[in-house]
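Before any questions on how it binds or moves, here is one chain, the form predicted alone, in structure tokens.
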């Protein structure tokens, strides 16, 4: 299976991965690769700052469009700090829960915020 390497630094254009818009660019590249039956390897080399907003958009959305097994077998990351790996794990766990039952998750969030 062909593997494409996506340099997060090159896609974003700098070492700060904080904007959801930048995450969307990464998501689009990953989605295209997976739809074409390719593997995607994300390189976080030269990335200084990473936020959950960026990762939610770049990675979290994948759980809306693909089965978890497909993501696990097709997506790998490299050059990530232990802190960023922990953040990634939180984001993917939340995304899996959310896309399994979006309505229930929305209601829980509203309850927490006192909007229910």
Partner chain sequence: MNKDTLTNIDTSFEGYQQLINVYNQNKDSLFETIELSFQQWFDANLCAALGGILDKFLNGLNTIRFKNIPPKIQAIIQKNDFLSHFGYKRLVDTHNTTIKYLKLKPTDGRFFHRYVVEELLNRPELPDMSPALKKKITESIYEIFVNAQIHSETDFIYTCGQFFPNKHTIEFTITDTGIGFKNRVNKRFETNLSSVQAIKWAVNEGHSTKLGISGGIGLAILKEFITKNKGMIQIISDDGFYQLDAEGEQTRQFSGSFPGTVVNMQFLTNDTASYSLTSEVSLEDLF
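Source: prediction; values computed, not measured. Numbering follows the first chain given and starts at 1.
Keep in mind that the form predicted in complex with the partner chain is not shown, yet the notes after this line are about it.
Although the partner is absent here, residue 104 lies within 4.5 Å of the partner chain in the predicted bound form, judged by heavy atoms. Contact between residue 29 and the partner chain in the predicted bound form is not found at the 4.5 Å heavy atom cutoff. Residue contact check for residue 48: one or more of its heavy atoms lie within 4.5 Å of the partner chain in the predicted bound form. Though the partner is left out of this view, residue 90 does reach within 4.5 Å of the partner chain in the predicted bound form, counting heavy atoms only.
Contact annotation for 16 to 35: residues with any non-hydrogen atom within 4.5 angstroms of the partner chain in the predicted bound form are 16, 18, 19, 20, 22, listed in sequence order.
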